[in-house]
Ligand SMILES: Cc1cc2nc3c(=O)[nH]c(=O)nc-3n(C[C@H](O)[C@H](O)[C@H](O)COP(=O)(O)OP(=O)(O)OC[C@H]3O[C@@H](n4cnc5c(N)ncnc54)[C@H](O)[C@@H]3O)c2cc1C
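The chain that follows stands alone, in the form predicted alone, written as C-alpha cells.
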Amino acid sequence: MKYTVVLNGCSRNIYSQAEETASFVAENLGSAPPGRCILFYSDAQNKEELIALSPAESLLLVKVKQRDPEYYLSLLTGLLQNDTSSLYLFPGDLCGSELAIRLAHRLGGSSLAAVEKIEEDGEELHCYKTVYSGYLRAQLSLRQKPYCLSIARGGDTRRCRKAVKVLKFEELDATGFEKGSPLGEPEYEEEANGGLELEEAPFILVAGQGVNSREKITRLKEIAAEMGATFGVSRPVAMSAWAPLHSLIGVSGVITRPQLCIAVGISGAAAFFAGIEKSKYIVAVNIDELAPLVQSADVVVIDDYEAVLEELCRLIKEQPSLP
C-alpha cells in the first residue's frame, strides 16, 4: 500500500510527532513499499534537523509562512491532485486530526482519528482504536480510498525505528501562497480559549445539532466567553463546518473532565457522552424530554436553550463572586 506521511515541523511537538509516526509506520507498514513524507517548516535554521526526522525515504520539504490547518489543507489539496497514495497519515494532535478529516472529504476518501493499528484486507482497511474513555477497543473498517488517518497520541515508541535515510529529497517554497485562515491552528489559540484547552477546562459549554444554525453557534461562543466557559461542540456541528474540529467533544474528538458541563441542543449519543461523562456535574438544556442526555444529566432544564442561557449569563454577570 502506497502511503504518505504529513508532519508539521512548525509545531512545538514535532519531535513526538516524528517518534510516534515512525513507530506506527514501522509496526504497521514495515513490509510496504517505501513511502513519502511531506514536512511543513518555517525556520530554515532547523531544516537539517527536520530532514533527519523523516520516517520515509522520499521527502518533500515545504517552507510555509502561515501555520494553521486551513492553510495546510489548501496546500495539500493542490500538492496531492495527481498523487496515487491510498493512505495518508497525520500526527495525532488537534491540527493533524483536523487535516485528516477535512482532506478525506476533499479527496473523496474516508477518515478516522486516533488510530492505533491498521490491517489491510483486500478492499478494506481495518483500523483499531480505543473508544468510550479507553474502556473498549474498536475495529472500524474503511472502504473508500484514500484513507486519511491521524495516529493515536502517546503510543509505545520504545521500538521506534530510527529515521530512515532520505534517498529522494525535494523542496518547495510556499511562502508566497496566500490563503485565508478562518479556523486558525488550535495549538496557538491560547487567547481565544482563555489559555485553557478543552481537556483542562473546569467549565465548558457544549452545543449540539439542535442549535440549528452557524449564526446561533457563533452567539453561543460569545455567551460561553461571557460566562467564563470554554466552548465545545458535538460531531454534527463540527461536520457541518459550523465550528472548527478542534472544538469537537466525544470519541473522535476531545475527552473532557470539567467541574461543570452545560450541554445545549444535544441528544447525547454514546459517542458524544464519552467525551463529557467524567464531568462532576452535567446540566442538559433541551426541549426533548426523551433525549438520552436528559436521562443521564445531573440537572435537566426542559426549555428553549436561548432563553435559559441568556438568563444564566445575566445572573453570572450580576454575581461575579460566584464560584
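No experiment lies behind these values; they were computed from the predicted model shown. Note that residue numbering follows the sequence shown and begins at 1. Heads up, when I say rigid core I mean the largest set of C-alphas that superpose within 1.5 Å between the two forms.
Here the subject shifts to the form predicted in complex with the named molecule, a form of this protein not shown in this document.
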Would you mind picking out the stretch of 60 to 68, 38 to 46, 22 to 30, 263 to 271 that comes within 4.5 angstroms of the named molecule in the model of the complex, counting non-hydrogen atoms?
263 to 271
Position in contact with the named molecule when the complex is considered in the model of the complex, options Pro202, Gly109, Pro236, Gly228, heavy atoms within 4.5 Å:
Pro236
Find the only residue in Pro146, Pro244, Gly96, Gly253 having a heavy atom within 4.5 Å of the named molecule in the model of the complex.
Gly253
Report yes if all three of Val285, Ala291 and Asp304 come within 4.5 Å of the named molecule in the model of the complex by some heavy atom, otherwise no.
yes
Give a yes/no on whether Gln209 approaches the named molecule to within 4.5 Å in the model of the complex, heavy atoms considered.
yes
Even though the named molecule is not shown here, does Ile249 get within 4.5 Å of it in the model of the complex, heavy atoms only?
yes
Cα displacement of Lys117 between the shown form and the other one reaching 2 Å, rigid core superposed:
no
Would you say Ser240 moves between the shown form and the other one, meaning its CA shifts by 2 Å or more once the core is fitted?
yes
Compare the position of the CA of Leu89 between the shown form and the other one after a rigid core fit and state whether the shift reaches 2 Å.
no
Look at the CA atoms of Gly275 and Lys117: state whether they lie closer or farther apart in the model of the complex than in this form, given a difference of 3 Å or more.
closer
Against the displayed form, Ala270 vs Glu124 by Cα, in the model of the complex, with 3 angstroms or more change: pair is farther
